[in-house]
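Alright, two takes on the same chain below, each alone as structure tokens: structure 1 and structure 2.
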Structure 1
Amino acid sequence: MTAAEVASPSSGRGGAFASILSIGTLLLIGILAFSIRLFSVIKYESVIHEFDPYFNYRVTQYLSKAGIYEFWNWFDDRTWYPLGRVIGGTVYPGLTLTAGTMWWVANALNIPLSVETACVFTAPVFSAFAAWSTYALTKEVKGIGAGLTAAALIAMVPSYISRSVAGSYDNEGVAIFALVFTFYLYLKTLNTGSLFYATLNALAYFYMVCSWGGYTFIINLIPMHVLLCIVTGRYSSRLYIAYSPLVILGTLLAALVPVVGFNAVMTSEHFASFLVFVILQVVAIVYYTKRILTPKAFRVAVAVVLTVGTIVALTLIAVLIALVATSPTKGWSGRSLSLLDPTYASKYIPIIASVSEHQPPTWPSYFMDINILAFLVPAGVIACFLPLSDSSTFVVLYLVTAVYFSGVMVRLMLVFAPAACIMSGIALSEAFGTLTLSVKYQIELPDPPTGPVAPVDQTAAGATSETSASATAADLAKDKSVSEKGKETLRERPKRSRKKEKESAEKSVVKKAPKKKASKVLPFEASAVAIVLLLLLVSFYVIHCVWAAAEAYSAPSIVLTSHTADGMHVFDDFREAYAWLSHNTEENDKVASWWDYGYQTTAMANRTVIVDNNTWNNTHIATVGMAMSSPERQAWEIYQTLDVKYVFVIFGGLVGYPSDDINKFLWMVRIGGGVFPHIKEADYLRDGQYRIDAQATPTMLNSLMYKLSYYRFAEATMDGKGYDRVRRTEIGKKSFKLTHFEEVFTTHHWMVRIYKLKPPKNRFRGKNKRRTKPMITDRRNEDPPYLWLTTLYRSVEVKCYLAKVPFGDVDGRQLESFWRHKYRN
């Protein structure tokens, strides 16, 4: 798609050589963007990560198996039992369809990919596309040099990497590409005024709507920009062509996506675009009449129209307000409201507030996620203002809104990252442009610098750039308005392949015989130092990004590792538990857990769950929360009404895994209490403190969550004291029995503990012999010293076994006998 753009970059003076060079650079950037995201595959394995990706993976599997029509009509009865969920109508299908198409194309070409492989590599592939469309976008704003720099920056910006490593198969992976590409096409339409690009723009917007709920950002940002243009007197026919068809076509296309449907015209997230559409029509008529009328007649016309127009406008606004007021939540959905009022979610919707990625970010997370770009962004903003154009106002507006949104939710840092990259790309490229230009200028003319202007601001500029850090060097370079034509190669080179290419880049520029007189030239030493400092800065960025990609953001979170003195430990408990569920329970058994694990359970264990990460029904989640916070007997009754057979909890106390259910428990209480008022948060807190030691409240110690987590825990710890390594305390209640639940499986590191609900006693008394045996616990009682050896041995065996045999093919009994055989002695 960027090929079309690449084909015509010879607008500068570089000609064929420059265009070939930039195509080559773009290719390399694409490869970089793809390969920097493969750390997760190399360090772990080619596996789907985290929670939501498992759902997307499952949907893709269904799509590839059943076909597109079945997919649209898919009613999933394995989740939200007993409600079920209409997947086809409630999912953003963009990602799934993309990966499904990729898989289909690969298979049609006789490349035997599995669906999983296609899913794992979707995000890296699309980050290469995103880098290319960033190039195209920035090129529209500030020319090829800035475009290439921005593309290189976004190829490895940690914030984007965190959502698009191989295996992170989530909407954002393709949505960022769609976002940037839509913006690019908007600017392209704005700059050319061609209906062709307007059509493409609407289609790109359609893809974005398909991919991510964040499309509302586009449909609000573009109207804002249009409004800004109108207010600042920059209206043009090109603006009309860029915006009006987009609203009409975009609305219709958005309404085609089932999950959006009539929301595209009914909710107030979209109203801004219609309002601006109407304003734009009015403005267009005004400009038209202004052109054909004499100034005097126009003044009369304005007077007439104003009197009539205010009345019409007032009635329109009244109708609009009435419409908004009648729709629920005043037409704004919860997530959008929490954007405008950051405290909204935590006040009213605990289920949104409970998700960590919906929290506001901390300052370090900015440094972690965009690193040096945070310093370069202001310089880029200044550069955008120097010759202010329609497209640079758009980029600035994008940046400002994205900064605000990223300040509200960590997750939206992702939207901010492309803006930061574009700005920094512009800043860096301008800086390199100025500096290398003055270096080259002085090499060419060894005489004292020409031009009467130079001496004054030379000294000023020189002094600052030497004393202050390189970031400020970029900043002040911005103040020198630089003509950027023909400097593409030069600006790009030092960025991509850093130090060693510098000399050759300089040479190539010298050869190209620049006739242009730089208006302002910095002294040679100052610019040389500044170039070196900038290169250093950029290489720090590269180092940081590679580190972030390799260490911070590659963990799949279903396989955990820890490094200790005696080497690396792998915690594969989740898959162990899911495999156990899938092999040892009946196919139609219902499994209850906290909603975080719903997607994984349906995807990996193929069992029906009560709630999952989709969180569309608050009451249902609250029911599970209530069950988890109730005493055993009540919880058992609640689960019995939900037809639940198995309950599992995530427990990190043995190995120190902090994001376990005990740490999430207060959220369960809050969400449960939000619907069922007899659950009170205060009952679980001792003097406002959440604790599980001897000081804990009786309600806490009797809650199902506590019991399921700490059942037999004290026996398992070395000294029998029950020391919880996450909470760093001894647990409050050590020896207790379960009356309505029985432990059926606990994973190697105790991270997942699965319990079975005992059947109702009065009806089945005496028939309880066919219980599933708790496998580990028995052995544990017999010979504790042997315990660690066996569990270790077993987990290795199981992993090998599972590796050899695909999940679906193992018969439950077969695996059980396999285990029995292993542990008979």
Structure 2
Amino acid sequence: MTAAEVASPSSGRGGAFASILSIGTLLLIGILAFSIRLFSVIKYESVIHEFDPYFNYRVTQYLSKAGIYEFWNWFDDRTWYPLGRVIGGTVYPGLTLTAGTMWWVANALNIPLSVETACVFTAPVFSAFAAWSTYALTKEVKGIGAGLTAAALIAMVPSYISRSVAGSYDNEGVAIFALVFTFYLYLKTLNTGSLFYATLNALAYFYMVCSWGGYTFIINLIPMHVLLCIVTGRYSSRLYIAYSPLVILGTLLAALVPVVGFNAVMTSEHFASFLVFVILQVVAIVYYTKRILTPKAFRVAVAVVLTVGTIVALTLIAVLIALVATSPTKGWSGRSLSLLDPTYASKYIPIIASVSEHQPPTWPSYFMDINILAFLVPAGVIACFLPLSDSSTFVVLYLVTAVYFSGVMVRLMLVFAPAACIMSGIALSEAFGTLTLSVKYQIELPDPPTGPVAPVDQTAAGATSETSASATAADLAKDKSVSEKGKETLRERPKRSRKKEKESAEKSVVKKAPKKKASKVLPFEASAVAIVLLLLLVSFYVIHCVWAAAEAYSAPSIVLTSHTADGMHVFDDFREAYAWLSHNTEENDKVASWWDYGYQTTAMANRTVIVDNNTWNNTHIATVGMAMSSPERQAWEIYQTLDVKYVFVIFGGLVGYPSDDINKFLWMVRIGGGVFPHIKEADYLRDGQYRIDAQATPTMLNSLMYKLSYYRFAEATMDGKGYDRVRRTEIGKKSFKLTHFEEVFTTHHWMVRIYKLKPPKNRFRGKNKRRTKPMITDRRNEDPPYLWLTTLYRSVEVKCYLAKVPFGDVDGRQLESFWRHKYRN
């Protein structure tokens, strides 16, 4: 029985134990990922967070009640009045369909699960899936140990927790899983060359397209890696199988998503994938023809391919240039241009720049969101180059691009988090592996003899020396026979092949040389100290992640809290205001506010809004910004044209809430001024400073936003001076009356203030007198003396428009007849 046969049973048992241990560890990591995101439910209640999740929750409710077909054709008339919105064609349906499926499966199993509960816990469930996908991806790069470490890190990383706590029902909650899982299947296909995994990769990409607009990151990162492999001479059939089905099948599936449609082939974000696809086909043809043709025929084929390929490439480039030239943004979306040029949004699209999560991050935000991983990432990059493989180059490329995008938008720290966890997992795994092996090697070393040396039996020593000498001679003879056999083989081969075989033989001899284990072994004391320090570092990371999950990211924005010496105070003003709107306004009343609160108003108050968080119509949002920036009379007229009945503003000056509308007001001015040039930001600034005190400009003090925010504010303060706790100053205009708006409700902490538009004044003053017949003449170019006559002219103009009769063709007798018919009583 050989040594291999003796070792096989024990190695089999060890492998089975390792597999069971890995599965158990993964289950614990999944439980950790789910449970660490439940602080929001434990501390507060099971409620939807933030702004966008309320729209997703409302859509999921409609899906569960009406069904999938009605969902695709749903026209929502409660948003963007009077335009409305086609929900099925403007939303990424992945999150909604996922939560709806979870709710349907639970009810099919007789589990009493509400739609809201399914929405609240969707993100924590998929955080466990994301951790397992990270394990699988990292395992393809550096093995099981690195995979388990990376999975544990991403289960707790604060950047991911911020978007996946219980109640954070947003697209990113499932999109990060889809992102990592797509990358894993790409590497799996690249390592195995399996067409089965290539098909699964295309399906995972399709789910990513359904879930989040960030799918363009995938369809640009993978082509970059394929191009890098081609340039560095690492082309293989496995690379071809990993990429070609993804482009063809993935693009066809992506075009099935209504919100994407033909953008999958018509926008500049996708052109790089098609260009790399063409290059890959050319390289594959070159390698194939080189293998089947003679050198002379291959040169001719290369000349033909280059000629035809150049013509085809120039034609494609001309077509792309023609398509791109028709777009003012050259085929790029506004958000993509903001990523490529960080100054683009602030110059041309202020509505994108106004969003806080679109601002560049600060250095403390990196430490807050990834903590010690920022210091471990460089070590992981170095480990990926030892040795370098296709998989390791991909994760390095992923890290580099994610670092750049996270530096442009703080929101994209979420994309950077998986890359940081993968690199840190590799670094920690390599470090712990080296240190533990050093400790193990030092422990297993035999102790040197300290007592008297025992006498050696010369006969046994001679026999042993003779045995070892004979074994050495046998080994030398075997090596000599092998070398002679190799030389004979070399003589029979051509000179070029002889040289290659000789070099390979020399390399094999070098490889057979005994390795010195002590070359990579550290001293026992240094290894033990390093292990303790690494464990402390990981402990600090765990403590920080638990604190971030429990305190920083668990509080829902719909319910606010503050801690004082008297204890914790809860501010539930938002739900108080939405409940008032729901119970005290008519069902068809229109409510105006800044676009940040549109989703919540529609979902919680069930009232029609003018703008919401979709921000698809810049002109409509600019109209609301113009109204907020205008004097009271002009703002009232603007809202009258929009059929608005109620207006509310968010005000934090009394309780110190900084994210109120006064702090956002300059963005309203900028967005409104981008469409309506008469609104100028300089009119609201005093010497370049934004002020609300006595030094504020008259334009600022007379604006509707200022009046709605500070109306009766001085009366509410204890000293009567109107001290703003957010701006930390005394307001400039304290005593004023509202002429066109009336206050109907203010929440307990003054955080939401609701106003109602006053109806127009009576058109006749004094006693009503018997109307005399007016003279009807053509007075279109003059201001009519009475408002009722203006109404008469407008009514006739509308009737003429509906009857397709030009207004100028209507004579005085027709006007008189219309007047007698309408006002005969």
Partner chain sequence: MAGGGTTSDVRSLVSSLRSAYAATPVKLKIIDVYVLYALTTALVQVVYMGFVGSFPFNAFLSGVLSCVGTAVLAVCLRMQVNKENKEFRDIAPERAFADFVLCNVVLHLVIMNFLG
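In this text, the rigid core denotes the largest set of C-alpha atoms whose superposition between the two forms falls within 1.5 Å. Source: prediction; values computed, not measured. Throughout, residue numbering runs from 1 along the sequence of structure 1.
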Here the form predicted on its own is displayed as structure 2
Using a rigid core alignment, state whether the CA of V231 is displaced by 2 Å or more between structure 1 and structure 2.
no
Flag for A301, CA shift 2 Å or larger between structure 1 and structure 2 after aligning core
yes
Core superposed first: is there a CA shift of 2 Å or greater at Q689 between structure 1 and structure 2?
no
I311: how large is its C-alpha shift between structure 1 and structure 2, with the rigid core as the superposition reference, in Å?
4.3
